[in-house]
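Just one chain is shown here, as structure tokens, and it is the form predicted alone.
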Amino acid sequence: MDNELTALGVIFTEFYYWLTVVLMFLIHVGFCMYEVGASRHKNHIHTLMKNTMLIPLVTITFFFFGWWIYFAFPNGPGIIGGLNSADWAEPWSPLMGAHLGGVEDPDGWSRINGVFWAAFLLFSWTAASIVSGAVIERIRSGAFWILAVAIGSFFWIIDAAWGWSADGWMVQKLGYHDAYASGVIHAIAGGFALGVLCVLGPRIGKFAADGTPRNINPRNPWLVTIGLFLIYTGFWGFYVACNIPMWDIQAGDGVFYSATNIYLAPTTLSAITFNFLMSLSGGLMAAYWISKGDAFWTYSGGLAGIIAASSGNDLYHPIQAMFIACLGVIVAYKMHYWVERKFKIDDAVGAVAVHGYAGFFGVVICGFMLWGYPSSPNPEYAHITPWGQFIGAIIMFGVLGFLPGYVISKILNAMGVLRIPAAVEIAGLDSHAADEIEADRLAVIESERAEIQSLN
């Protein structure tokens, strides 16, 4: 960096993303609390460990290949071109570590690579945690961790390369617009979770003999409440991380700096603040109404409302964002119970509804609300259309979400490693851990007793 202004811009960007990572970490804290609050006491330790250990597994795999996929796969590859070169994202690159830059780093990756990687990594944790909540109380830990790496370090980052990159083929050819990831993270993770659930099956006792679903209510409403409020807070950081803080949007014919969305089109943090809070409020109100005051669905509905409006929240008017959130929550709630009754799907925390159905709806409704808007500052790229968004939603939810989740689960199930045995499920996934803890406690007591006797 050869002058103070350049240095200030680069270091500001570096610090900006670093702060978003800190905020987004709260999403994962929230997911842990939320899932434990929704699960029964006999499964608490398993639920916590399942969701905790995805952190190192997804982090390491995302370092080795997930980050590179984002930059290498925007053309498919094989859809509109081949692999792109992305030497700064290769795990052996000097820029994937401590580096002060210089002439060999003219684009400043030495300063932003780590924090930008971390922001995307936290998105990866979120995608995996969405699946985690849906499958609690009956999946084997090892099977879940394989699924977490698949969605967190491979499939979601492919869809990000395709539809959440300034030059992704879906942006170029479909006019795909998904500023705050209704489809890119939420629809794909919801679809992936649905694919897993179709193979995994319901919890024992979820359905009566005649097929009537039973409610298995959250065991700790306080943990659910605090967990979801932490997710709201972390989601705010997520929104900020989806922006480029300072970019010359008229570099070709002038100088005009602005914050931009992920597609490098101008927006403002003021705009997304309006829309985030209005969509949260619309979601909470609609969920309270449609669920007749059910606390679990009211809190979940706030999250679903944000997700439903996220695709276009860089451009919506705040009142539009509020009504889109309301409608998205109603669609997600109705879909959840229809799918549960019709197909006997046991989505333990409503993750498929809140993320998958609301995300799918959000991508599609964006095509109507922003019909004709440019999808990118590049005038040669397709404009936003309802059909482009619908195709995009199918790709996100179905092609990169449901199908991989279903196929991988089928393979794991055929190997006998997907679901825990019925006896263990009835006793509780923590039963073996509890026995070990009790044995350790008794051993300590016996040791202390022997020591007292020897003194006497």
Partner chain sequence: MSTGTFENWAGNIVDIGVIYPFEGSEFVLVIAGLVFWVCWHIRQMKAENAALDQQVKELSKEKLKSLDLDDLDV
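The model shown is predicted, which means the values in this text are computed figures rather than measured ones. Numbering follows the first chain given and starts at 1.
Only in words, not in the display: the form predicted in complex with its partner chain, which the text now covers.
Engineer: Do Gly101 and its partner chain share at least one heavy atom pair within 4.5 Å in the model of the complex?
Structural biologist: Result yes; Gly101 sits at the interface with its partner chain in the model of the complex.
Engineer: Although its partner chain is absent from this view, report whether Asn75 comes within 4.5 Å of it in the model of the complex, heavy atoms only.
Structural biologist: It does not: once its partner chain is placed as it appears in the model of the complex, Asn75 has no heavy atom within 4.5 Å of it.
Engineer: Can any non-hydrogen atom of Arg219 be found within 4.5 angstroms of its partner chain in the model of the complex?
Structural biologist: Arg219: contacts its partner chain in the model of the complex.
Engineer: Can you check whether Lys410 is within 4.5 Å of its partner chain in the model of the complex, heavy atom basis?
Structural biologist: Contact with its partner chain, no.
Engineer: If contact means a heavy atom within 4.5 Å, which one of 372-380, 92-100, 278-286, 226-234 is the stretch that engages its partner chain in the model of the complex?
Structural biologist: Contact criterion met by 92-100 only.
Engineer: In the model of the complex, which of the listed residues (Val29, Leu57, Leu403, Ile45) lies with a heavy atom within 4.5 Å of its partner chain?
Structural biologist: For this set of options, the contacting one is Leu57.
Engineer: So which residues in 138-158, when you check its partner chain in the model of the complex, have a heavy atom no farther than 4.5 Å from it?
Structural biologist: The stretch touches the partner through Arg140, Ser141, Gly142, Ala143, Trp145, Ile146, Val149.
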